[in-house]
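In structure tokens, one chain follows: the form predicted alone.
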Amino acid sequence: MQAKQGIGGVLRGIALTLVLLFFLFPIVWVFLMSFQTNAQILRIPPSPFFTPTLENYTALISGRLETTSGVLDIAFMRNLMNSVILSASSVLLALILGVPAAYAFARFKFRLGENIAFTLLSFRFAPPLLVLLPLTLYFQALGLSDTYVGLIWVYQLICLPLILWIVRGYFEDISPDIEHAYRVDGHSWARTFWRIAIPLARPGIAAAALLAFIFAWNNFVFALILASADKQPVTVGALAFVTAAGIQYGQIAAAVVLSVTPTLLLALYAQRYLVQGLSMGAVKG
């Protein structure tokens, strides 16, 4: 019996190792590429052994990219800052609008409520190219073209439906009896929402905000069409590494590492709230 358990444990360990290698290999390989030159990356056969260099990161931070065709000015750090501004502002605005709306959809039944909720959700799945032409015309008429305000507004098509539907589910899982007990003491709906509902749904709000931040960070089409070079995020700014001298694979790998880092740190910070969300059964109705 113990021998069978030992063999089973070994097989599980081998299977887990193979799964980890399969999923982590692309990430590890990109990380290694970020410390190599183009010549080292393109050598045949490829090798994990090389002399590391920091010139890719130096080029990104200094904004000067040296190629065989000359020196190019790149604005990667400005693109990175644009991504932070656009993603953080979009998620913050979506939380301000979406969390009260999610509470209303979860607690109150009103005419056409489900239709309105599904209409908002459909914005998330609408092809971006379908709305770009009318948005471009409206933005030109309103003076919002190539502005942070205009882009943050457009990003609500990504963030608001996610937050609305995810947080709504968390509010529905919280027993209304807890809020009723608080209201018996004479507290208003607004105070109950702020003091009871929001703290209990905090793990769900954190998870929804993190997911919305990732989707906003990875957006490419809206920023490519509606923003000029000084407002474009890092996803569009990476196009600068496709030069007349060829594709700068080392700089692209370094840009991937730097652009993933803020999202990874945010995910690690929000991890405790995600874990708390798994234990919300104590307050389910």
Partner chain sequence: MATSTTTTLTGERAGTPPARHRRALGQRALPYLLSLPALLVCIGILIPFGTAVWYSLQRYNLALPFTRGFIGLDNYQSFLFDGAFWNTIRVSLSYTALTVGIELVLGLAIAMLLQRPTRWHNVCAIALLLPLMIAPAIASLMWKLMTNPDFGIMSYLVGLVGITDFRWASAPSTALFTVVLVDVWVYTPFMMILLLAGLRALPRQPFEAAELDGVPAAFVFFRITLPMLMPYILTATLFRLLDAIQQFDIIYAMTQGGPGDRLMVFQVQAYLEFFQYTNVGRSAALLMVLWAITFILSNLFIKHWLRLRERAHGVA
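Numbering follows the first chain given and starts at 1. Take the two forms, superpose them, and find the largest set of C-alpha atoms that agree within 1.5 Å; that set is the rigid core. Computed from a prediction, not measured in an experiment: that's the story for all the values here.
Just so it is clear, the following notes concern the form predicted in complex with its partner chain, a form of the same protein that is not shown.
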Subject >> Among the candidates 54, 260, 247, 61, the residue which, in the model of the complex, approaches its partner chain to within 4.5 Å (heavy atoms) >> reply: 260
Subject >> Listed residue (160, 167, 209, 86) with a non-hydrogen atom within 4.5 angstroms of its partner chain in the model of the complex >> reply: 160
Subject >> Distance check, residue 29 to its partner chain in the model of the complex, heavy atom within 4.5 Å >> reply: yes
Original post:
According to a 4.5 angstroms non-hydrogen atom cut-off, is residue 114 in contact with its partner chain in the model of the complex?
Top reply: yes
Subject >> Partner proximity in the model of the complex: residue 67 to its partner chain, non-hydrogen atom cutoff 4.5 Å >> reply: no
Subject >> is_contact(residue 123, its partner chain) in the model of the complex, heavy atom dist at most 4.5 Å >> reply: yes
Original post:
Is any part of 199 to 225 within 4.5 angstroms of its partner chain in the model of the complex by a non-hydrogen atom, and which residues would that be?
Top reply: 214, 218, 220, 221, 224, 225
**OP:** Kindly check if the Cα atom of residue 241 is displaced 2 angstroms or more between the shown form and the other one relative to the superposed rigid core.
**Re:** yes
Original post:
With both forms fit on the core, is the shift of the CA atom of residue 42 between the shown form and the other one 2 Å or larger?
Top reply: yes
Subject >> Flag for residue 224, CA shift 2 Å or larger between the shown form and the other one after aligning core >> reply: no
